[in-house]
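Next up: a single chain in structure tokens, the form predicted on its own.
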Amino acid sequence: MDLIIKNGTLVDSKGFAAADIAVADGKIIAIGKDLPVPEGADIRDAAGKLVLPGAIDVHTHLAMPFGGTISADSYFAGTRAAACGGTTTVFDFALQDFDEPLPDTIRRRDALAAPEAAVDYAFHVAIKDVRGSLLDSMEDAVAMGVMSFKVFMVYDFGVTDGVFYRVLEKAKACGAQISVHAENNELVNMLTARFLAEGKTDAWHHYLSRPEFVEAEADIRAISWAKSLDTALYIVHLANKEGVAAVTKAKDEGYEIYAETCPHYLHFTNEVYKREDGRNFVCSPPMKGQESQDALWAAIRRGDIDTIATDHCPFQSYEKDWGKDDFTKIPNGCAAIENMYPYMLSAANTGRITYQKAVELCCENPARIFGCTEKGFLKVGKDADIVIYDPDKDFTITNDAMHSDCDHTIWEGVKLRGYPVQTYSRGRLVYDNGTFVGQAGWGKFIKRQSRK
């Protein structure tokens, strides 16, 4: 036995349990009251604290080329920040190059991640090119332990409707999971061109170029195709009320439709784009109006939102400033990898949701949906990814207290009730009371099971 955490209150989606938890060789080996403590074991007293599974962030963009630059956090900086916020597994998007077989995409990105990752990691592959045999290479990627793929309905590398449909068909055949960034590309381009021609170039017009209906229409279209094939679909960063209603309807009809939303959609509304620093909040889809935010919280409480993830893709403030006079030049993305779990746990601590719901959204559901069989649960035999959380610790987010390489945070000044005080990755302490104590290269690649 390497580690025993005593006197804490364990939390899962079913409830609370006063119990000790014992760890050996990176795995949970025993859970119970008054576990024996062998000589030489590292004993941690969690009296008055909650003991939680480490969170799984299934949506990040580390070291990602976009908008003429590269996102601010390397694999080390991003996973360091994750660890300091209680996230112990990170899913990053590997973006396929044109003419590139999907296994080559995975190997290319893993060469960057393996020496740097401070917590465990997995990949989704974002598909750009399906010509010739490239779509069939999805089968080889699944065999490598990558069973999730993403299509973009926007940007110049987005797929056409026909390609999206073919990807869904292939995924169903080989046991893969498809995610979609759903916005109507034609409408975005048309509205953007109109605003630029009219000289309307501020951050507010980024939102107006991608308002609720632009996202909702694409959500509905994507869901209809998945329904026609009776195959699963995972909608990333859902942010609008009408899209929420479409997800609810599909779920009620018995279809396997999953929805993710992000902390920034739950906390900020489109009003941020009227601020002097509005360009710092530019991301796609943008934050929406209050009705959409209310719909997201309601969907969380009734179970129609399955996961919380971050879409972590920060850029430096000077890069955001490229678009101070032209919103199309603002690199899209914000930081949140260190804030997700503390924010959702604070929502539980203040009564907006339950702790059980926070664990379900941030740990258990991501593990189930994406085939992480060793993650997401405090159970014997699972990886010892453990967070000790102090519900009485008040914390105000400042960029100085964060562990990202980004020079600002949209979360500056946000007050949280309760905060993680320790994070363990496979039984190793990687975060301790405000200080990162892990190392680059500790994280390992997580192979996942196909859906077959």
Ligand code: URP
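For every residue, the number given is its place in the sequence shown, counted from 1. No experiment lies behind these values; they were computed from the predicted model shown.
We do not show the form predicted in complex with this ligand, though everything after this point is about it.
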Partner-proximal stretch of 29 to 37, 409 to 417, 387 to 395, 55 to 63 relative to this ligand in the predicted complex, 4.5 angstroms, heavy atom: 55 to 63
Name the single residue among F377, F149, F152, Y75 that comes within 4.5 Å of this ligand in the predicted complex, judging by heavy atoms. F152
Contacting member of N185, Q316, T269, S284, with respect to this ligand in the predicted complex [4.5 Å, heavy atom]: S284
Would D92 show up as a contact with this ligand in the predicted complex if we use heavy atoms at 4.5 Å? no
Whether D120 contacts this ligand in the predicted complex should be assessed with a 4.5 Å heavy atom distance threshold; does it? no
Going by a heavy atom distance of 4.5 Å, is G278 a contact of this ligand in the predicted complex? no
Is N349 part of the interface with this ligand in the predicted complex - any heavy atom within 4.5 Å? no
Kindly confirm or deny that H237, D311 and N332 each have some heavy atom within 4.5 angstroms of this ligand in the predicted complex. yes
